[in-house]
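There is one chain below, alone, in structure tokens, taken in the form predicted alone.
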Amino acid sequence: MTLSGPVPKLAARPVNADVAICGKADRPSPSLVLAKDKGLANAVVWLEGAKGGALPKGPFSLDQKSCLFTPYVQVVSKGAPVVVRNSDAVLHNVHATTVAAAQIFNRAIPIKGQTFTETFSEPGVVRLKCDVHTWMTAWLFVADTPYAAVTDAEGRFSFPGVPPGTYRLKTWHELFGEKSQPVTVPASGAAKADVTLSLLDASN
């Protein structure tokens, strides 16, 4: 997964609450993480139409640590438990919405070490934010397929055990939107797919 064309310049996010715990320094935007060769991290990739394989059962974990969500982007299975933790000695909340801003839940988590568990019944992208600390955001992709992944720091991804066939390889990134392309998995050997995103994708 690579970025082509101009690289967006993203402003740092000001730290404007609980500076005694969170620090005073602005936080760099986590929305764009690029390798030296423009490999794009934190893009969600999944296969549409691939059958077989069981969904990972979880539980999946999401932490609020050092006044950031960790991990920033992750895939969770539809219907599987997601355990949310506050590892900071400050009040956080977790406000979950769809990309279209429809409310999913909004829960306070005020005590260090406190956890709660949620499940997501609808597949798709979920936006997370902490309303107390406005620089804190994260994303979940609720998958109804085992063939879903997040690109690593070099922009790489893989799906083990995909049955042979031709599928739609779909990608999503918070800045560049969604893209789709065909991919054929042979009966033997591995398939390789090169995906390129750009600001033009986001405008379509």
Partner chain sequence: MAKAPPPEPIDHHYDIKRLTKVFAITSILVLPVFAWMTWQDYGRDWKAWQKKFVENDRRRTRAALRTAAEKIDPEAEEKYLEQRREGARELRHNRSAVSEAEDEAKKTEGAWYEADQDFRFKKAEMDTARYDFETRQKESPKSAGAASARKDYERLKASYEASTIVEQAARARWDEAKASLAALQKTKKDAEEALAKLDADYDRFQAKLGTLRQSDAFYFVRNAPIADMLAPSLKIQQVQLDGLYNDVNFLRSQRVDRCVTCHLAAETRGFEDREKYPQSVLRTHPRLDLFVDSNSPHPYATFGCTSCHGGRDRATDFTRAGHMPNDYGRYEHLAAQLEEGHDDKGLPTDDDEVKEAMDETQTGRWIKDYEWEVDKYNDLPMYPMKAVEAGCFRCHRSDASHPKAAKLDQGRKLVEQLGCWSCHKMKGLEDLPRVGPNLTRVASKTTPEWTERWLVNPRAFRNNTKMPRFFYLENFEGESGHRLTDTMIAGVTAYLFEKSGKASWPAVGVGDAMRGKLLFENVGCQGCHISEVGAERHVMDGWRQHGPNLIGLSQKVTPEWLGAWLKNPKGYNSETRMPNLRLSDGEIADLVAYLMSRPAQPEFARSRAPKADEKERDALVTDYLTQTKSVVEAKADVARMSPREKDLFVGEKIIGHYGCYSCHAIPGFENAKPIGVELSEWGNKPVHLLDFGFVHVPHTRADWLAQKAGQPRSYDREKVKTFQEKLRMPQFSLSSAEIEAVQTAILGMQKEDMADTLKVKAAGARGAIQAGRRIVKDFNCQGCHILEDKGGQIREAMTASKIDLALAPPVIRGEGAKVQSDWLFAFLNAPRSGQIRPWLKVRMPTFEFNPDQLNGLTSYFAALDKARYPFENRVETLDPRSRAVGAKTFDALKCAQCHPTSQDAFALALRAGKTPADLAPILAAAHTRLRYEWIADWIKRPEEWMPGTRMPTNFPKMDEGPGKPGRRISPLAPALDAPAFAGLKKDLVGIWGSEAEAKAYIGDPDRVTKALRDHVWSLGNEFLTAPQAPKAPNKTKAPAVVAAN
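What you are looking at is a predicted structure, and each value in this text was computed from that prediction instead of being measured. Positions refer to the first chain, counted from 1.
Here the subject shifts to the form predicted together with the partner chain, a form of this protein not shown in this document.
J.: Which of V90, V82, V75, L128 has a heavy atom within 4.5 Å of the partner chain in the predicted complex?
T.: By the 4.5 Å heavy-atom cutoff, the listed residue in contact is V90.
J.: In the predicted complex, does each residue in the set T2, D37 and K179 place a non-hydrogen atom within 4.5 angstroms of the partner chain?
T.: Not one of the three qualifies.
J.: Can I111 be called a contact residue for the partner chain in the predicted complex at 4.5 Å between heavy atoms?
T.: Output for I111 is yes: heavy atoms within 4.5 Å of the partner chain.
J.: Look up in the predicted complex whether N106 has a non-hydrogen atom within 4.5 angstroms of the partner chain, and give yes or no.
T.: Judged by the heavy-atom cut-off of 4.5 Å, N106 is in contact with the partner chain in the predicted complex.
J.: Though only this chain appears here, would T134 touch the partner chain in the predicted complex if you measure heavy atom gaps against 4.5 Å?
T.: Within the cut-off, so yes.
J.: Does any heavy atom of T196 come within 4.5 Å of a heavy atom of the partner chain in the predicted complex?
T.: No.
J.: Heavy atom within 4.5 Å of the partner chain in the predicted complex: which residues of 5-26 meet that condition, in order?
T.: In sequence order, N16, A17, D18 come within 4.5 Å of the partner.
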